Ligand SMILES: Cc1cc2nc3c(=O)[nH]c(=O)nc-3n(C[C@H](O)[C@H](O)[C@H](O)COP(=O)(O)OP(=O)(O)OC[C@H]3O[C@@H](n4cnc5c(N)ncnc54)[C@H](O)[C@@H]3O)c2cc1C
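Shown here is one chain on its own, the form predicted alone, set out as structure tokens.
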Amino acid sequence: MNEPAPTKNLSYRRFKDGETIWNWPDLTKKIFQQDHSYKCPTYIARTPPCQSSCPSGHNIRGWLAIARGMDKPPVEGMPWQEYAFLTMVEANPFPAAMGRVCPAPCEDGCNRNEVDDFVGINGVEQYVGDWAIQNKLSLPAPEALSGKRIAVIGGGPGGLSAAWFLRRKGHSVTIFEAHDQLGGMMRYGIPGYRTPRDMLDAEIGRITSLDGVTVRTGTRVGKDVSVADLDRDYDAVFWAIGAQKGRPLPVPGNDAENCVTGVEFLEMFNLGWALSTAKRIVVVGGGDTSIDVASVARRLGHITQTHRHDTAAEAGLLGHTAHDVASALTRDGVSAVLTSLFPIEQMTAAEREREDARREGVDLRGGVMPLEVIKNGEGVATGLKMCQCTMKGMVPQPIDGTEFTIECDMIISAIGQMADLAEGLESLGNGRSAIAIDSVYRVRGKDKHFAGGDAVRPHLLTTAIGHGRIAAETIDHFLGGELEEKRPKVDVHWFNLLEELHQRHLDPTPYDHTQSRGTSSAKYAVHNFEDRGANQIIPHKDLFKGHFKYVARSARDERHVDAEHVLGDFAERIVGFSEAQARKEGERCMSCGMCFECDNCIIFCPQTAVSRVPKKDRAVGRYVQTDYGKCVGCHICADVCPTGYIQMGLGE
């Protein structure tokens, strides 16, 4: 019986069946004539696309190398998970949270997509983040206090990230937060079954427990504290106030009392309010927020009484105490319709989130646009008039004769967010409900004010975290009187060979300033290495992908909830990786732009010019060396380098 042909290309093939390399003129030329170039192997570090795609700037390649066991902890007895955690928090202090909710643009950019399937980056991040919480890891000790005081306005991911990185640099930080608890959109914009509150409290607590970090909750800047007060009392200010206002539907009738925004809905839900007596809800959106709104509505159900939860939720129990409120309410199922301008398969929400929502009973309708909120004589919305549409770029085009009405008791607009710049913050606005910044995140027209996160441009939580990290660095430069004019082209936390050598006690010796020819034997030079991480991203075509065999990706398990059982179910859905799964995904990483010690260059060098660095002198990126007296410049080592780390240049 003939087996069906495989539907998936299992691995990259450089040659087709029947071809021979000796009849391939280009390869023959490389082997026999390339020595005329006088070029020898050089080692070029570039940023992999996963890192360049990560808005927080994670050193993803670095902590995957730790997971695979190639990069060993620098301290005897340190677990690899702790070393990976310390590497992660160099860019992002929330690995457990982001490993759960980030839509993972890093995985979309992963070069392994060209071989079989992306590396499960999010799964490894969650595993390490959860391990760190279970083992009660703290953040690295920050520098001694510098005497400089920074005000961080907003205790969400951007503000907390900035607080951590500013404190690392020695500055004291005061966080001002209007809510009673820190977390921002991680707490008030995402339901607890996606960001468990005990996990969130643990990651936030690492930052707030640092000496030199002060928190003032229940304090709204502009109302309780003026901008003038901040200018008087602090050396710099970082604005991370988020986008706390939802955009209403741009149609007639949107002022109905039961027509609310997704931001309002999720905030009230996460504050512990039972929202409404609505049995039929329409959510207009198409992004992740709209999915959260519809899924939460299905879990809450219809309530016959509305009460505010009148006892403070205990730490770690907010998910069931404030969200479910089962002991106080009688509920029936709610019908939730989610509409999108784009067809369902083109919705901006992650495919996994769409499928979960559909499984849980949310009715997804794509390619439709709202026309009018239908109200009764009392001004209450009773339906949403819609029609089918096509998209011309980002502008919907109605299709005549396709109008219809969805009857409902509540309409929730989840079509976007904007910053709330009222009550004393008007001077920060750019006229479009956002804060205008320059290329180094400084607020335009305000010398010592900086901003980031959704207040600048609503985007991902991890984007806000990245803004906080970058702004902390520019604020540190500003306080030192050396504020740069622009940031690096690839603005991520990339590999630093000198730091790697330092932690291995392999620092170069001081340069004696004596002129000599060649540096191949010099101890003061990092020979034959160039760091292009700030300027170049390595594409898949620069890798020898034929080295990599098909290896199936480890996917995290999920606890699926069907429509019949979703009511009142606020338990977490994602099942985290085991250690074995995390290690396997580390091994699948192709280490784009960095040596991963495969020995190909040593094995295939016809002149035995390439050899391993002595074991006592090895470090990440310093595994092989070249004898330029033997090298003839044949280029074979560069051809067979799976990671693209070797390029040909003037070696001596």
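Computed from a predicted model, the values in this text were never measured in an experiment. Sequential numbering from 1, following the sequence displayed.
Separately, the form predicted in complex with the named molecule exists; it is not shown, and the next lines address it.
The contact with the named molecule in the predicted complex, taken as any heavy atom within 4.5 Å, belongs to 459 out of 459, 446, 247, 547.
184 is the sole member of 129, 93, 192, 184 with a non-hydrogen atom lying within 4.5 angstroms of the named molecule in the predicted complex. The named molecule in the predicted complex comes within 4.5 Å of a heavy atom belonging to residue 179. The closest non-hydrogen atom of residue 103 lies within 4.5 Å of the named molecule in the predicted complex.
Among residues of the shown chain, residue 533 is not one whose heavy atoms approach the named molecule to within 4.5 Å in the predicted complex. When contacts are judged by a 4.5 Å heavy atom cut-off, residue 153 counts as touching the named molecule in the predicted complex. Heavy atoms within 4.5 Å of the named molecule in the predicted complex belong, among the stretches 369-377, 492-500, 521-529, 94-102, to residues of 94-102.
Residues of 335-367 include none with a non-hydrogen atom no more than 4.5 angstroms from the named molecule in the predicted complex.
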